[in-house]
Structures are given as structure tokens and as C-alpha cells.
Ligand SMILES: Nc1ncnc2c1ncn2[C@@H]1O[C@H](COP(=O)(O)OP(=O)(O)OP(=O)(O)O)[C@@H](O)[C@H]1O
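As C-alpha cells, one chain now follows by itself in the form predicted alone.
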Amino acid sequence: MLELSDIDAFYGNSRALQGINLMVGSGEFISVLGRNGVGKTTLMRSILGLMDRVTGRLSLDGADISALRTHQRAKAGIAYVPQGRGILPRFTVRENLTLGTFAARSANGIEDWVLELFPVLKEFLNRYGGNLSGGQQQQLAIARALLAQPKVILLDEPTEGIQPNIVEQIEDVIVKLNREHKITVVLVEQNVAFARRASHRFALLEKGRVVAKGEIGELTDDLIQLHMAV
């Protein structure tokens, strides 16, 4: 279980998140929705300890991890796939994947089940990350995060800017990670249709606050129009 209690997050002296309270159960899938600039990426960064300052309490499986550094939170079981993917273009696919294993709780190396999720990576193990397509780079970023053996994976708009024929593949893998591998998923997403198909619960952000949350069936068209329409 991942629990955020009264979380405020700051860029310098500027408060970007205010009073965030969220609970994500083990094996649950929650989508974080909202317009651009409302604090969705900031929320992901706060969970992993990448902000200038965060107040409040963050716990994982009942243990307070608020004081842990980013690499310690990764070791505790939180993986993050950022917007822009964050792969190393001058590292091969194999080298990028190996980086993910450094945060793993047991030394299993590059696990076959991860490569089976993304067969193209197995084919391109010796290709440089910078020579992959955008969709292939996103698959690499997700695979690298999985090799850290996370309990919780944070995904920040994983299909943004991806060619349409790859989007469905990535969405299906994300659902599989949750349903079959029981990994807790926190997804930042603009695609409401996918959020409704994949999620158990949702949270809507507006100006750094949670303005609505609940079971995914409670995500009405009126809420979407109010908090997501441009």
C-alpha cells in the first residue's frame, strides 16, 4: 500500500502541491488525471523524492519512507518511468536494462519475463538506445523500471507522442503488469478511455490539489468536462 498524507511539494519557495491525501492499495491501479500544469508530474516526482522539498507523510506498506532519498525509495520498491522516457541514448539496450537491475531487491539480472513483454528489445539488445524509435524507447524505459522489481510503478503519460500502432501494445502491457503480475500502478494519463478501461480508481488534480477521487465508475463525463476540458 502506498499512502500520501497531507503532502505539500515545493519548487524552491513555490508550493506546487497542497494537502494531497491519496491511498493506493497493493495491486491497485489508479489514474491521476487533469489538465496540463496542474501538478500531475510533480506528484510523481514527490513520491520518488525528486522535489526540492516535500512535507507530509509518505508510506509504503506501512513504513514511513518520507525521509528516504530517491535511490532508497527505489530500493524500497518504487519505480518511475518519467515523461520523455529518460533512457540513455549512448548506452545499448542491454546497458540501459542493466541500470534497472541496480535497484532490484535480488540479483536476478535481466529477467526473461521482462523481455517477453517487449520482444523487440530482445532483438535489439546491442542497439544504442538513441537509435530506437520513440515507441521502442518507451518500451525500454518501462522494461528498465520493471527490472528494479518494483512493488509500485509510476508511469507519467507513457503513450504520449508514441506512434499509434505501438500505443495499444504499451497499454496492454501496463494492464498485464497490474492484473497478472500484481504490480501497483500509478498512471498519469490524458487518455480518459484508457484510464476507464484499465484503472480501479482515479484522482483528478486542479491547481496542485485533489479535487475529486473515487472508484473509476465514478469518473463521470461532467467531472471530465469540468476538470479536463480545454
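Keep in mind it's a predicted model, so treat the numbers as computed, not measured. Residue positions are given as counts along the sequence shown, with the first one as 1.
One more form of this protein, predicted in complex with the ligand, exists but is not displayed; see below.
Taking T92, N131, Q83, Q72 one by one, only a single residue has any non-hydrogen atom within 4.5 Å of the ligand in the predicted bound form, and it is Q83. Taking G27, G37, G56, G161 one by one, only a single residue has any non-hydrogen atom within 4.5 Å of the ligand in the predicted bound form, and it is G37. Although the partner is absent here, Q190 is a contact residue: one of its heavy atoms lies within 4.5 angstroms of the ligand in the predicted bound form.
The shortest heavy atom separation between A16 and the ligand in the predicted bound form is within 4.5 Å. Although the partner is absent here, T41 sits close enough that one of its heavy atoms falls within 4.5 Å of the ligand in the predicted bound form. Heavy atoms within 4.5 Å of the ligand in the predicted bound form are found in one stretch of 29-37, 60-68, 169-177, 195-203, which is 29-37. Residue E157 is the sole member of 137-167 found to place a heavy atom within 4.5 Å of the ligand in the predicted bound form.
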